[in-house]
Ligand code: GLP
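Below you'll find only one chain, the form predicted alone, shown as structure tokens.
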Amino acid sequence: MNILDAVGKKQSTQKERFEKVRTLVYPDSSDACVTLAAEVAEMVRSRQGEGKNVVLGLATGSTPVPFYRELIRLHKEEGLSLGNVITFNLDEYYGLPRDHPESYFRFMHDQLFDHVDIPAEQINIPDGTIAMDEVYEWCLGYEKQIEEAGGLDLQILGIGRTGHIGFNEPGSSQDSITRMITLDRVTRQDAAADFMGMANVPRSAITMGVGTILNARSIVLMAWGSNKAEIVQEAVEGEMNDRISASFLQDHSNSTFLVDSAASSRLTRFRHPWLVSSVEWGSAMKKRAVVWLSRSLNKPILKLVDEDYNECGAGELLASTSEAAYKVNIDVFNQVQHTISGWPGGKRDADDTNRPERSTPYPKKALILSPEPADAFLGMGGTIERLVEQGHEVVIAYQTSGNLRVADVAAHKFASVVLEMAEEDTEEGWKSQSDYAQEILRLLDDKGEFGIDPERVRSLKGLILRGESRAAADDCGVGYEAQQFLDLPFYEKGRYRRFQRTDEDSDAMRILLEAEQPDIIFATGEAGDPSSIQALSFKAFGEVWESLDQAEWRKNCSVWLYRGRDEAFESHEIDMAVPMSPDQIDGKGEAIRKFMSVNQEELGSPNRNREIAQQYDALGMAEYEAIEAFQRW
């Protein structure tokens, strides 16, 4: 099925009838981008044969990076020339110089233009450095350039958490054109890590308008990872409105949403497949449907009746099993109830037939993988404490240093304190510390507010985060000797939106797993944006895990997934629910607060655990203060 040929193909099957724009789902972003790049290459070559240009509208951010890398590969390995391509970028932050590491001008050159043969004069990117009183005329000129080039043949898009395309934030009209816009708080918050703090994120940007985008002859919007699932569903299946500018693609005759499995998970055909076609009513599907029905009607599972099933589109479940509602209810109620366990490492000498985790061996060695240092505490801080209390050997492996999240002010504060201590103590032994502190202060001053951290500054920031990690782990009962800092090379050699894994990362994970040989592993990132630290770290683990399939210890090792920064599990997806008392959830909050680099949303992580407990309570389970959720991998 051609990605670029969406004319008249919004829904190809009955299963997609809730979708108001054509949506193609691929197993992962790599497969999708290879296919799209091949079609673009075919278009480019065809136009070359006709002596014509191809006009591409391009997006920035991490989403299109796999697509750009495939274009680069086609150019270098298969001789694809892009000399007849004219490009227009969607947007640019206002006020950033073009050599700023986070400017979209620099991003596009780093990620694409410096590696292919598009002539410089055919590359067009909004200019965020023009004077304020010239912005209006400049934007009109950008529109005219697009028109003079023949209009956009293809517009590539990503989608923000607010549903924006380009920087068309909520409230952008369907006929808007290129203009300056004030950025939404959520958009700035999502960019905070790139800029080492939300305070450093520009408040304005220049963007193509929704109308400009819709004038493209073909549009492809890409979305990867579970964090995009909710907004993709709203844009694809919801009403068209200016609150979600991506929803306007419903009104375009040749537009396609290109998503991976994680980003598609909330579409009706995947989330509630019984509403669009017949399904196989296995145990997992029954659980999914009954939990959905209970939550939709705000009724406990055991109070659902036949009429509820029939009136809400789940009547086929009863018909297929020839059972009354109460029998199905009891079955699913027991399934959900059996996920609840106060023994995440298994209960010694207990019948584990209906328990999530096996009882033997006991105690277990539990390896907790934390992509960034705070992730483990955000996702399972209470469970870590419980594992320790129940006598298991707990090892926390921080896969990356997380130093890019540490603000300059923290490094400046550390160096200043060392310098003051050295000045107060005139003994010769302080000279090296004083020299080090002065060098750090000089390096910070030289790089400025937005410059790239020199290696020595990154190293210091990593050490600061190590101290915070140790303090958080201590709150959960994990000692210094049970913590490992892997500092995976992909992170240390890169920066946000520019990471690339290598064999060195896999080698580090292999050494860890073979040395520890755990009985149980907790990991996160399997459903993250493929360019995120969490997804890259999980990929490094997953590939090594698969390669160790003959190792004796691995055959008896269970793997549990947790969610730290990624979208929380839905109720039906949970295989193990670990309850927490009020004291335990407060303790988790204290551990998280040890990290100065966490934002307000992350500080609210315990509230997510309270919400899961409320969902379980609404299903008819026992009432708990909070629950940490896990899924068997």
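Given the structure is predicted, the values throughout are model-derived calculations rather than measurements. From 1 onward, residues are counted along the sequence shown.
Missing here is the form predicted together with the ligand; even so, the following discussion is about that form.
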Tell me which of 43 to 51, 595 to 603, 62 to 70, 568 to 576 has residues with heavy atoms within 4.5 angstroms of the ligand in the predicted bound form?
62 to 70
Residue among 344, 166, 225, 381 with a heavy atom within 4.5 Å of the ligand in the predicted bound form
166
Pick from 209, 462, 158, 356: which has a non-hydrogen atom within 4.5 Å of the ligand in the predicted bound form?
158
Partner proximity in the predicted bound form: residue 372 to the ligand, non-hydrogen atom cutoff 4.5 Å:
no
May I ask you to state whether residue 90 is within 4.5 Å of the ligand in the predicted bound form, using heavy atom distances?
yes
With the cut-off set at 4.5 Å between non-hydrogen atoms, does residue 541 touch the ligand in the predicted bound form?
no
Residue 529 versus the ligand, in the predicted bound form: is there a non-hydrogen atom within 4.5 Å?
yes
Pull the contact list for 481 to 498: residues with a heavy atom within 4.5 Å of the ligand in the predicted bound form, in sequence order.
497
